[in-house]
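Given next, in structure tokens, is a single chain: the form predicted on its own.
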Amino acid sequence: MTEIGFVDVAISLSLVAVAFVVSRFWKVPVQKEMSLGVVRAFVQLVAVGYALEKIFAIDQIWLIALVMLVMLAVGAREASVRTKKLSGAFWLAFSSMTTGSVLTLAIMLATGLFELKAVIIIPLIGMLVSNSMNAATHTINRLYENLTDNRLAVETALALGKNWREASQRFRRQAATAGMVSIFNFMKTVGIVALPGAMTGMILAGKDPLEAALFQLIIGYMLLSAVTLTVVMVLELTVRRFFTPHDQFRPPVRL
């Protein structure tokens, strides 16, 4: 693959023009969001590209940790916005995403599979955080909807002597499934429906396809671990906010 430059990016804008014209012709009102998205993506990715050059050159543990913290904070903020600003959603998401992503990465470092280098850790944590963010968002939203929509069933179970964990068990399981559906779909269709980003990148860089496939398997298993840990953590932290210490049902407010 030839070296990519700004001219090549400008050429690829022809695809944006196609999407713009088609959406305008079919009267799909997304032109404003599309334009903002194109500009933001360009600014953010170019800025990140320059920043990563400096970070990879310095390659210090404290700088890697700082980048991870920023990623987690931004991801948690986005998750909290997507949960329709549920009170305290930022800390719910941040704690859960940190647990899932950092613990998964720590296990891989402990096995010696990856080195503690910025050029390795930062791309990996980026993938873990983004998937954990989506899982946390879907889990919180689904749990809130399940419990509030089935308030009568929950309160009836409590009235019959069940504790908060028993009364919410079915709804927690449904929320967990909703939060993990994306990673399940990925694991079932990877390599058949699409070639994932890490594998595609290695192939385009000239690596052996089998080596790329094995590396993608490792990434897939890391994502599964991070998402599972995040979903379990966010469920435990969120569901307790729906019940008082005396097992009374009291849904948290949305701001």
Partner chain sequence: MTEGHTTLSLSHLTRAITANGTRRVLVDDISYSFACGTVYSVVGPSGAGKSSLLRLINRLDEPDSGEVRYNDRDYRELSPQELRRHIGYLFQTPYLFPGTVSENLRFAEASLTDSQIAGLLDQVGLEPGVASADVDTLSGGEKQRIAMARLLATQPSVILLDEPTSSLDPTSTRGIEKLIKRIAEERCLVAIMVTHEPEQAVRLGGETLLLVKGRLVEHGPSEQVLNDPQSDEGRRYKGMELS
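Note that the structure is predicted; figures quoted are calculated from it, not measured. Residue numbers count along the first chain shown, from 1.
The discussion below concerns the form predicted in complex with its partner chain, not included here.
Between the options I122, A178, V81, A153, the residue in contact with its partner chain in the predicted complex by a heavy atom within 4.5 angstroms is A153. When its partner chain is considered in the predicted complex, only one residue from A159, A106, V74, L116 comes within 4.5 Å through any heavy atom, namely A159. Its partner chain is not shown here, and in the predicted complex it never comes within 4.5 Å of any heavy atom of E236. Under a 4.5 angstroms non-hydrogen atom cutoff, its partner chain in the predicted complex lacks N185 among its neighbouring residues. Although the partner is absent here, N163 sits close enough that one of its heavy atoms falls within 4.5 Å of its partner chain in the predicted complex.
In short, of 139-147, 96-104, 163-171, 126-134 it is 163-171 that has heavy atoms within 4.5 Å of its partner chain in the predicted complex.
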